[in-house]
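Below you will find one chain, with nothing else, as structure tokens; this is the form predicted on its own, and questions on how it binds or moves follow later.
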Amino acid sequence: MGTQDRLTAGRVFEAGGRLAVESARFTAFGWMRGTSGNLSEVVSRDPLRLAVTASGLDKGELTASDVAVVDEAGDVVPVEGVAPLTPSAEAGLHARVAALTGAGAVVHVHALNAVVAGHRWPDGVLLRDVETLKGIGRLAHDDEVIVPVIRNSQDMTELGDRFESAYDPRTPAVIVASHGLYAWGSDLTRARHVTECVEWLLAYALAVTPA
């Protein structure tokens, strides 16, 4: 029996429950206003399948069943017992990130500091000599970290190509200009920690660097 055959509704809803908890957390931070932002968790690696938060829903009010399962292209994959909800339009980029980085979870939030930092530093945000860099797996001192900034697109293949061109395996985050932040980790908890640390680092950079 293949991995895809073992993907059950129960497994999808377990992931959905975790995604709902984290979505509520980020909404409380003001990073998923309205129905913006989306989260995903890998539920199968071979073939690649992700549980992604459903489109058009208030991210502070999600339930475990408010998810869709998508493949490596971001297209919906039917799973018995899982309602065929519409995934975020950005599901394809989530899948591209998970495939390229090996991440177990991807977070996309519309955090204001990410958008402002991307506007101020369109060639990438330089960070160094601050303790919170350790929270994203880098050194607190003598380590130049650049958070890449890529141009936005409504075409997920095009956006994925831009991500792949800018990707630095040492830095688990990317800013999409005039849009928001993507961050990832080995699991959803790690992806949350990276998101929180990167958002703080961007706020720090904006605060200490003259406009």
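In this text the structure is predicted, and so the values were computed from the model without any measurement. Don't overthink the numbering: it's just position in the shown sequence, from 1.
There is also a form predicted together with another copy of the chain; it is not shown, and the following applies to it.
Undergrad: Please determine whether each residue of H141, N152 and H193 possesses a non-hydrogen atom within 4.5 angstroms of another copy of the chain in the model of the complex.
TA: Spot residues vs another copy of the chain: full contact, yes.
Undergrad: Which pick from L112, A73, L85, A99 sits with a heavy atom within 4.5 Å of another copy of the chain in the model of the complex?
TA: So the residue touching another copy of the chain in the model of the complex, by this definition, is L112.
Undergrad: Pick from 62 to 70, 163 to 171, 27 to 35, 45 to 53: which stretch has non-hydrogen atoms within 4.5 Å of another copy of the chain in the model of the complex?
TA: Within 4.5 Å of the partner lies stretch 27 to 35.
Undergrad: Whether D129 contacts another copy of the chain in the model of the complex should be assessed with a 4.5 Å heavy atom distance threshold; does it?
TA: Taking the distances in the model of the complex, the answer for D129 is yes, it comes within 4.5 Å of another copy of the chain.
Undergrad: In the model of the complex, does C197 have a heavy atom within 4.5 Å of another copy of the chain?
TA: Within the cut-off, so yes.
Undergrad: Find out whether any non-hydrogen atom of A203 is located within 4.5 angstroms of another copy of the chain in the model of the complex, and reply yes or no.
TA: Because a heavy atom of A203 falls inside 4.5 Å of another copy of the chain in the model of the complex, the answer is yes.
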